[in-house]
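Taking the form predicted alone, here's one chain by itself in structure tokens.
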């Protein structure tokens, strides 16, 4: 049986061990900012209500009574690692009623998702893809659409008109938000 070697550490082995230890410490310190920037979205508090916040679409005076006006719905969109300002998330037909209340409908046809246009001659909303037609009150009139236009909640704060935008499932008779 041989006894374990009890050779004292040499100066070379001590410096090698010290170099590995210092190199590891420096690498660990340098990686902290990199790891922090990679995982910072996971630590950030979620933006509460940003997706549900009403979107301003204009002032009350910009909407003539009884005439539907198409408005683009623009907001900032944030996901885990990126933020894009002024992104169009949808559109709506907004009508100012005679009693100064507002009605808004999504411009997306509930059949297959085509954009619904205002047909001024027939005084209806019409889908150009499959000829579905809707009254100015959003009710279904004709075509393959399974329901009327999807209403959007309108809020008036002072003189500003705001819309609570939602997306709805298409092709179903029931109105389900997506």
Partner chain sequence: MLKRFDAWLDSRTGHRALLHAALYENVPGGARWRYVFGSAVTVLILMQAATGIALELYYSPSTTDAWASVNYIETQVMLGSLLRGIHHWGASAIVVVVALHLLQTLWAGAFRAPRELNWLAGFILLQIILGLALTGYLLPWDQKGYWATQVATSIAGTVPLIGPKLQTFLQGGTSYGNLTLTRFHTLHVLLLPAALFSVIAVHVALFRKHGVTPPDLPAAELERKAEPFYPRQLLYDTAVSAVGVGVIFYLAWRLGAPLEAPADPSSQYLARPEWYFLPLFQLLKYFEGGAELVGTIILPGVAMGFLAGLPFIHAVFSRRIPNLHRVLAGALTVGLMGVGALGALAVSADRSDPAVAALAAKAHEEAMEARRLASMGGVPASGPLNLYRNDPLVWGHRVVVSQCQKCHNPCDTQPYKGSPCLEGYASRAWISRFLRNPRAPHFFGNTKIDDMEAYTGPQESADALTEFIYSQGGRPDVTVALAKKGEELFESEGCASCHTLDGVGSGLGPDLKGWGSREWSYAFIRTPDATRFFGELNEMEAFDHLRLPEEELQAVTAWLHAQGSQPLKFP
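What we label the rigid core is the largest C-alpha set whose atoms superpose within 1.5 Å from one form to the other. Positions refer to the first chain, counted from 1. Because the structure is predicted, anything quoted here is derived from the model rather than measured.
The discussion below concerns the form predicted together with its partner chain, not included here.
Novice: Has each of 86, 113 and 171 got a heavy atom lying within 4.5 angstroms of its partner chain in the predicted bound form?
Specialist: Heavy-atom distance to its partner chain in the predicted bound form: all three under 4.5 Å.
Novice: Does the 4.5 Å heavy atom contact test between residue 93 and its partner chain in the predicted bound form come out positive?
Specialist: Yes, residue 93 lies within 4.5 Å of its partner chain in the predicted bound form.
Novice: Any of the heavy atoms of residue 151 lying within 4.5 Å of its partner chain in the predicted bound form?
Specialist: Close contact is absent here: in the predicted bound form, residue 151 is far from its partner chain, nothing within 4.5 Å, heavy atoms only.
Novice: At 4.5 Å between heavy atoms, is residue 62 in contact with its partner chain in the predicted bound form?
Specialist: Heavy-atom contact with its partner chain at 4.5 Å: present for residue 62.
Novice: Hey, in the predicted bound form, does residue 42 get a heavy atom within 4.5 angstroms of its partner chain?
Specialist: Residue 42: contacts its partner chain in the predicted bound form.
Novice: Using the rigid core as the reference frame, would you say residue 82 shifts its C-alpha by 2 Å or more between this form and the one not shown?
Specialist: Yes; residue 82 is a residue whose C-alpha shifts (by 2 Å or more) between this form and the one not shown when the cores are overlaid.
Novice: Quick one: with a 3 Å or larger change, is the residue 80 to residue 91 CA distance smaller or larger in the predicted bound form? Answer closer or farther.
Specialist: Relative to this form, closer in the predicted bound form.
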